[in-house]
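Below you'll find only one chain, the form predicted on its own, shown as structure tokens.
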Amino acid sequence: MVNEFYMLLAISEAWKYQGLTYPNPAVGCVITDKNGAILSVAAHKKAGFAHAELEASREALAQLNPLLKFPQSPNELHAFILQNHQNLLKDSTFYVTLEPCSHQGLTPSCAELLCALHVKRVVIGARDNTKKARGGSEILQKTGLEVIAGVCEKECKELIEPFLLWQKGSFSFFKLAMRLDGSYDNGTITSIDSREFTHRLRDVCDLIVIGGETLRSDKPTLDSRLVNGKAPDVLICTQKATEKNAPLFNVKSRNVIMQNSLDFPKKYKNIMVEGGSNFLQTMKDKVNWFLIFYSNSFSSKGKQRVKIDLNLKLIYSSNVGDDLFCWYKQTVD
């Protein structure tokens, strides 16, 4: 059960960045010393940033030698650690939710990094079967490292499900914000922290999908201004003629599509669907996952409430500011 304990810590850390790492998978890593003491708990935060193993190595080395000054660039960080690790992580154990990558992409190979650090053991949750990155275990074993695979495999595979769907076609999720009484109208619902988190998700989405009702009632902008991010393309699913007077039509470098079909255009891979109860009812069987933000408030003036028959399985939940956010999958009868 010791391996499972550390792996669950790595999984929990990775979930904090679910959806934000597109087109990369969410990955977590825990490093322990030879006595089992935790040196670091880290995750991959965004494409182009350090992979989980590299970030965890930086945090562990910073704890063991506070005098080290680490560069920010992942490639520079990788080279710096290779030159300055001083064998401080020798005989340590890495717990990684996904098999360390074997190739040089935007960042160098994590498998080769672990070999250079003289790690004793690498515990892996899920194998990486992608053509470019697979084979990390073989690199580790050839160097003499002990490799244990399949620890919390089910949970680790669920963690990377969006990534696997991106590889095959697309991943879509329905985002909904509501109060504790189920209302989702009458002004701002969630905290600034939740809204910033939503904008971070929009920043990495290819497409936002809304219904005509949302367009007409809310007249949204649907950009990522709170995090200085990009404004993804927008698909408006409606059967009614709609005036193009909402702010979303005035955003530069954006393509706005209007159609009466609920099918997502095939060129988009990371898709966020936003709306209220009616649109949730319409789209519930079209999306892969659900992301719901709950504010810790009630509203006596709220008139619109979520009314739908829908059974969900909770995958992950956490706090963001004063709110709660939860990832769900629809249960299969």
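All of these numbers come straight from a predicted model, not from anything done at the bench. Numbering starts at 1 and runs along the sequence shown.
The form predicted in complex with a further copy of the same chain exists for this protein as well; it is not shown, and the discussion that follows is about that form.
Heavy atoms within 4.5 Å of a further copy of the same chain in the model of the complex are found in one stretch of 47-55, 288-296, 66-74, 260-268, which is 288-296. In the model of the complex, a further copy of the same chain sits beyond 4.5 Å of every heavy atom of L215. In the model of the complex, none of the heavy atoms of L82 sits within 4.5 Å of a heavy atom of a further copy of the same chain. a further copy of the same chain in the model of the complex is not approached by A149, whose heavy atoms all lie more than 4.5 angstroms from it. Proximity of G229 to a further copy of the same chain in the model of the complex falls outside the 4.5 Å heavy atom cutoff. Residues are counted as partner-facing when one of their heavy atoms sits within 4.5 Å of a further copy of the same chain in the model of the complex; in 1-25 these are M1, F5, Y6, L9, in sequence order.
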